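Below sits a lone chain in structure tokens, taken as the form predicted on its own.
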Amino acid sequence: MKRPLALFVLFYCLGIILVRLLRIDIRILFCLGVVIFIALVLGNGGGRVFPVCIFLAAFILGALNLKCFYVASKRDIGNLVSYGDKTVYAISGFVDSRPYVKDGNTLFVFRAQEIRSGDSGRLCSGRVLVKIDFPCGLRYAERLTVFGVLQRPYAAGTYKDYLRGQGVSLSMRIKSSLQLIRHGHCGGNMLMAYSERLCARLNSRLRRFLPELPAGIVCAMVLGQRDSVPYLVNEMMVKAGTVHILVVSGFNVGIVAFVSGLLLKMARLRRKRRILLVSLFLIGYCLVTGASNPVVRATIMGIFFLCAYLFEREADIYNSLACSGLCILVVNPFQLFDIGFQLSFLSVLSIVYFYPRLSSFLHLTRLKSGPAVFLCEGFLVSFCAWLGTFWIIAYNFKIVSPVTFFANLLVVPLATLITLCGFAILLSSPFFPFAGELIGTTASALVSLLLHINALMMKIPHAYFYL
């Protein structure tokens, strides 16, 4: 059987989807799991029944994983507050995500540890989505006590799935500084807290050598901090289908892997040491950028792909994708319904599947001009990625952007240069400030060119349309 691991993961995903669509008693799933386990033991690894049982086992495991994910702890804060409860609660805990500041508001996920109402209190767990109506300079892992009314977050469709995947069961809005007490010391993961402080220092270093607008875009590309990206710029890139460059994801992780691997190869390190060091660099970059879902997915994909070379086996992109997808879904099966997860994997699969077939059909190997080959291959890769993902974007965001693959043909190379400039500023400016200024000027010019190209693409007739 060709690529059984990919088929195993496919059945695992089907099990997750079944539980998402149908209400099935967990006892029934356990009984089916026991029956399949017995069939596997009796099959003794042979015959045609054995592979069928393996794939059915994957199906049941996926279903059980999501079913268990639905069952919250008795101490979960979502089970302690009834629907429509208007009681003002005092909740103690810590900031469990990078605070996002936009238009003077602060939004973050709060990890609850204790809930109090009047004189009574009890320990709890779970996560609360907190919105503060004023800037407050909060940081990850900072301990707080917040006062307010807890509500079920108003969410539907993909955003509801996103919140559930993040373990968020309630929300709270804070309108006054009197509803917030800062305790000053940190909780949470100390490694993540350190990486957040490092990210803040790197952010200030980039802003030292860049004007405000280019600094916001470079910080988004390099560090994943999109707070300073203007709304109009974000909307323009959404319409052109180029907004992915503002999100730290596989694009950025690929640059880190390529550049670090190239530098280590120039240092003449052995292959296995290079692979191990590149993997460590990817993990470090993941932590510095806040370990958001897109960069975690890309990091896991990259490490699995590198592991094939580490064990001196031919790298198979389908197996690498299957392994990385399985690791993500075992930890959090709700990621399967996250749009970012779907776009990440489908874009790669579309390129891997369609590109060689279309390249062969169009006879690109017959081209002898270097620039012509580069342009045709770039266009084809962009088209393949768009072909596999446009229907998800159209279904969820009600927008179709035919100009996407033309825009990405020009924007992606520019974004690569801008990202490299950002890394160059971070690495060179502590030792050679004049180099930081020179690279910063170059990066600003490239950002200006990127925005002009994106705006020009928007002027093409029927560049995008809403459904």
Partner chain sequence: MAYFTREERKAFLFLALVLFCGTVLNLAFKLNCRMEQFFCSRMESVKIDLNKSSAEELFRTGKISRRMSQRIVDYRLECGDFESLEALKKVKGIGEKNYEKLKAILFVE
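Rigid core: the largest C-alpha set superposing within 1.5 Å between the two forms. Positions refer to the first chain, counted from 1. What you see is a predicted model; the values in this text were computed from it and never measured.
The following text describes the form predicted in complex with the partner chain, which does not appear among the structures shown.
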**OP:** Could you tell me which stretch in 287-295, 224-232, 191-199, 382-390 has residues with non-hydrogen atoms within 4.5 Å of the partner chain in the model of the complex?
**Re:** 224-232
Original post:
Which pick from Pro356, Gly184, Gly118, Gly104 sits with a heavy atom within 4.5 Å of the partner chain in the model of the complex?
Top reply: Gly104
Original post:
Exactly one of Val243, Leu346, Ile339, Leu213 has a non-hydrogen atom within 4.5 Å of the partner chain in the model of the complex; which residue is it?
Top reply: Leu213
Original post:
Among Arg173, Ala445 and Leu451, does every residue place a heavy atom within 4.5 Å of the partner chain in the model of the complex?
Top reply: yes
Original post:
Is Ser429 close enough to the partner chain in the model of the complex to count, meaning some heavy atom within 4.5 Å?
Top reply: no
Original post:
Any chance Val71 has a heavy atom within 4.5 Å of the partner chain in the model of the complex?
Top reply: no
Subject >> in the model of the complex, Asn65 touching the partner chain (heavy atom, 4.5 Å) >> reply: no
Original post:
Even though the partner chain is not shown here, does Asp133 get within 4.5 Å of it in the model of the complex, heavy atoms only?
Top reply: yes
Subject >> Within 431-446, the residues that have a heavy atom no more than 4.5 Å from the partner chain in the model of the complex >> reply: Ala435, Leu438, Ile439, Thr441, Thr442, Ser444, Ala445
Subject >> Flag for Ser260, CA shift 2 Å or larger between this form and the one not shown after aligning core >> reply: yes
